[in-house]
Ligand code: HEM
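To begin, one chain is listed below as structure tokens, in the form predicted on its own.
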Amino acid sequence: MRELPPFEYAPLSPEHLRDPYPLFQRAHREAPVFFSPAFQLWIVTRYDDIWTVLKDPERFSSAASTTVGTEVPQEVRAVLSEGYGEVDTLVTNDPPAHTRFRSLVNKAFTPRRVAEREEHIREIAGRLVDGFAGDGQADLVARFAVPLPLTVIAEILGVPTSDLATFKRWSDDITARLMPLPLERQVECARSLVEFQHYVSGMLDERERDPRDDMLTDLLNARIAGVEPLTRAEMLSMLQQILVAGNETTTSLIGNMVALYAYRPDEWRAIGADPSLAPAVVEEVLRLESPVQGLFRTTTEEVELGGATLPKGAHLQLLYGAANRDEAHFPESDELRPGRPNGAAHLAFGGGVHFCLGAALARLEGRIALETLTRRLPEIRLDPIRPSVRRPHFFLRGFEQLWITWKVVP
């Protein structure tokens, strides 16, 4: 097994949460594919090697592609048995089964359906800023970066606004299950998943009696010639994944954008004066500070990759955040340079058959957030008294708290 001495891969350490990129750059040079004994993971860091994996689902399976690969304890399985079970659907599946699920849910995220939401998303963003613009300070995560995408995805799912706080708790707990946790926390998160399943199953029952214009009704009615309709467990699995992907990653994108540009006041004001700059900024922040730093694959046979020999059954973490800083593809990769010629070629949304279903929605929300904040708060700074807090997660990179200040204009 190829290890990378003398340091350890410790994605939850304070040093890594603060700045993982020196480690990634060293891996590019010394061991682009290395083994982490602590997590029993092969870590893949180079852009070309990751694309080799993404284009080959036959040898690199997406089964267990959202987990570190730890065994589910009996106590957790007992709690999960009270729900509908966990089935492989979108993220944790391979073709041709994955193709079935993707085709049945694509309708909700077509470019046309996403574009139709722009003005409404802009209204939500403006209303949120209205709520704190006169305060001169705010935790941007709590006041804006969380509620904007959470409100949007809740509306797509047909969830009433009165239940947003509960859905956020469920989303946080479901996301927490994607990394190593103490047993007590694993049980707590499993209970949240079961609560979510029963709640949404009840909503699906309501839609069967009273159809509405939302994704729940769309899933119930999804029919494609030659394709089996979704079972209830499959619907719940897909909705669980859509809930998490539809808010957690965009929250991180917004926070990462603001944190980077708080040190660039002239560029921040320039975006506010010329919103046409925003799309390129969104792409560059996605590359530079990818909200999803990496997901997982499992080898179905022995393979050679990046100079390493991986045995059959090897568990891989594809570090998109490292690939997006690969100097071979992104010169001066540690620099924030919106408008790069290949700026949209990053892997922040993955690639291949598992390219993120909600990429267009995330880009739209990120652009609207940036346009709204630069226009309404042109003089933001990071709060010098209350420090920002990175969210501790195995592969999601964002903030738990991001305190900002600005001058309130009478």
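Just so we're clear, the structure is a prediction, and the values are computed from it rather than from any experiment. For every residue, the number given is its place in the sequence shown, counted from 1.
Not pictured, yet referred to below: the form predicted together with the ligand.
Looking at A38, you'd find every heavy atom of it more than 4.5 angstroms from the ligand in the predicted complex. Using a 4.5 angstroms threshold between heavy atoms, L286 counts as touching the ligand in the predicted complex. A residue is said to contact a partner when one of its heavy atoms sits within 4.5 Å of a partner heavy atom; G246 meets this definition for the ligand in the predicted complex. Heavy atoms of F109 reach within 4.5 Å of the ligand in the predicted complex, making it an interface residue.
Between the options H98, R117, R207, R340, the residue in contact with the ligand in the predicted complex by a heavy atom within 4.5 angstroms is H98. Listed residues L253, L310, L316, A322 were compared with the ligand in the predicted complex; L253 is the one with a heavy atom within 4.5 Å. Using a 4.5 Å cut-off to the ligand in the predicted complex, each of L90, I242 and L361 places a heavy atom inside that distance.
Contact annotation: the ligand lies within 4.5 Å of heavy atoms from the stretch 350 to 358 in the predicted complex, the single such stretch among 350 to 358, 41 to 49, 376 to 384, 28 to 36. Taking a 4.5 Å heavy atom cutoff to the ligand in the predicted complex, the contacting residues in 260 to 298 are L286, P291, V292, L295, R297.
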